[in-house]
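Take a look at this single chain in structure tokens; it is the form predicted alone.
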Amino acid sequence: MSLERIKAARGRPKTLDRDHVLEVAMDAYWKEDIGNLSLNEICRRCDVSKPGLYREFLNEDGLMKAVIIKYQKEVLNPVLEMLNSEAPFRETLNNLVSFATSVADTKDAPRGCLLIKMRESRMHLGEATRAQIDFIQEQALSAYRAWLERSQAKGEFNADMSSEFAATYIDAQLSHAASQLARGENQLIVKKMLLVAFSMLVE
């Protein structure tokens, strides 16, 4: 190979596998302390250069935003579909409990909810990521309210509270359960506590 070709090969940037980077980053942010996880460490685990990552995501904030969008599509959107279904109120509520307290069988699988974890780590997030999290949060609350109002119209939700308050209450209880799981608390106990908390919605 000529010297010119060697130089050209060395100067040619590696093709960055965006999906691989997002998978690795999402797994890392989900399992570890976001505040102690450097961008250099993400690059090392993905075997990509920092300039290459910057070219793809602009900065760390851009990477985190892309990660939470990926999480939204893969994990959270099925919950919105659940809320938009015509299933009975109690059935959907039980499905929410099962979703929120599910834990993968593999030992090294992440626990809890990445969205909740990022909400609790706002001080370590950039502006774009915080805005995306706020958008997802409002989207979820709107979906809860619409589901509750439909259930109320069908006579399935009769608790003495407004749909707005009930939506906020449901979100808070699900968030608390996710945080408990992330801390390693017993799954069955967390599920029982969540069922007790939601029992006031079906009386």
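Throughout, we count residues from 1 along the sequence that is shown. Predicted model only: the values in this text are computed from it and were never measured.
Not pictured, yet referred to below: the form predicted together with another copy of the chain.
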Interface residue in the predicted complex among 168, 139, 152, 49, criterion: non-hydrogen atom within 4.5 angstroms of another copy of the chain:
168
I need to confirm a contact call. Of 146, 69, 172, 58, which residue comes within 4.5 Å of another copy of the chain in the predicted complex, counting heavy atoms only?
172
Residue 36 within 4.5 Å of another copy of the chain in the predicted complex, heavy atoms:
yes
Wondering, does residue 22 line up within 4.5 Å of another copy of the chain in the predicted complex on heavy atoms?
no
In the predicted complex, does residue 200 come within 4.5 Å of another copy of the chain, counting heavy atoms only?
yes
How about residue 193 - does it come within 4.5 Å of another copy of the chain in the predicted complex, if we only consider non-hydrogen atoms?
yes
Would another copy of the chain be touched by all three of 119, 180 and 189 in the predicted complex, meaning a heavy atom each within 4.5 Å?
yes
